[in-house]
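Below, in structure tokens: the form predicted on its own, a single chain.
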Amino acid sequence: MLKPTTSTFLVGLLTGIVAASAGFAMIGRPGSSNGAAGARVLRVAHALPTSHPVHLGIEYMARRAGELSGGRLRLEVFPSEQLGTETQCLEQAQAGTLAITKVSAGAIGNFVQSYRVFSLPYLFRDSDHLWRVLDGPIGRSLLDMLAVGNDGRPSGLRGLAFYDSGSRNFYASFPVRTPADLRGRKVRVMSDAVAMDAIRAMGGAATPIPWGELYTSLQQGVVDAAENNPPTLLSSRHYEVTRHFSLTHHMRIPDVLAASARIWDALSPEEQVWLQQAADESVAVQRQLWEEGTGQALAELRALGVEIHEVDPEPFRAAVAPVVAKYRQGVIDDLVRQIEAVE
């Protein structure tokens, strides 16, 4: 199971208890009072705003599930942390009180060790290489690995599909052109061991901060810099307090659509086919939206006065080489070799 902090666990647990009766009653019969007669209603939650390509992809999945099922399967989408943070939504999916959520593959690495491979810096040569890997047998096996935690027990999750999350790049009130520019700076990073080690190797002080607190933390100087992709920088409005965006492309970490194993197992085989097909079809739509959204976001950021810097990645790649070597052990090394072999 996911290993949250005590406070996060308690919030997730209380949310799960409140929702449990309705959740299990809903999956135990064809429909619910919120849906059309005979329709099964499944809740889908994520942390991103409605303008984000991930949300638009999930909305497409919801429409296709309704169409494929002739209205017998209805997905209700709750964006913008309406049902909790990313961690809390993941815990609810594990508990069976939330049907589907979106989570960063980097965060999953905390309890499914194989997913730490995604946090290795400069693992993928470019976006095309990433998708050749994820669209093939390696991607399918990684989705299957989501079902088993590090303790060898069922994780309570089922991997449905990967969504594009672009590349991670630094933004701050100063330009980041070389690792020296990060020296001694506090850099917000996901709560992921590999990502934190990578930031430290580049000279920064890795500082995990919840996503919802990051704007204020940047504004007040709790952290000096952060890293993410262009659509997220724009939609989060972090550009208002960080006017420099440096395209280091140091990580390409996809998002994962994760279903509750309990709810999935309660679906009929026909419903499972509808839901999986809707998820699969939404990938191409979300990927196209992401590509378009990235270009539009960069253009809009420039128009808003953000300075965008093209960066030579080689000094960053050299700085993080020891981190890659540290984590290339066991199953991670096997995955790296397979990924590197994909042309």
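Residue positions are given as counts along the sequence shown, with the first one as 1. As the structure is a prediction and not an experimental result, all values here were calculated from the model.
Heads up, the form predicted together with a small molecule isn't pictured, but that's what we're talking about next.
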Listed range touching the small molecule, judged in the predicted complex by heavy atoms within 4.5 Å, from 263 to 271, 108 to 116, 132 to 140, 187 to 195: 187 to 195
Joint contact, D181, F245 and R317 to the small molecule in the predicted complex, by non-hydrogen atom at 4.5 Å: no
Interface membership of W211, the small molecule in the predicted complex, 4.5 Å heavy atom rule: yes
The small molecule contact in the predicted complex: E86, any heavy atom under 4.5 Å: yes
Contact test in the predicted complex: R168 vs the small molecule, heavy atoms, 4.5 Å: yes
A45, heavy atom within 4.5 angstroms of the small molecule in the predicted complex: no
Single option in N228, S155, S217, S236 placed near the small molecule in the predicted complex, where near means a heavy atom within 4.5 Å: N228
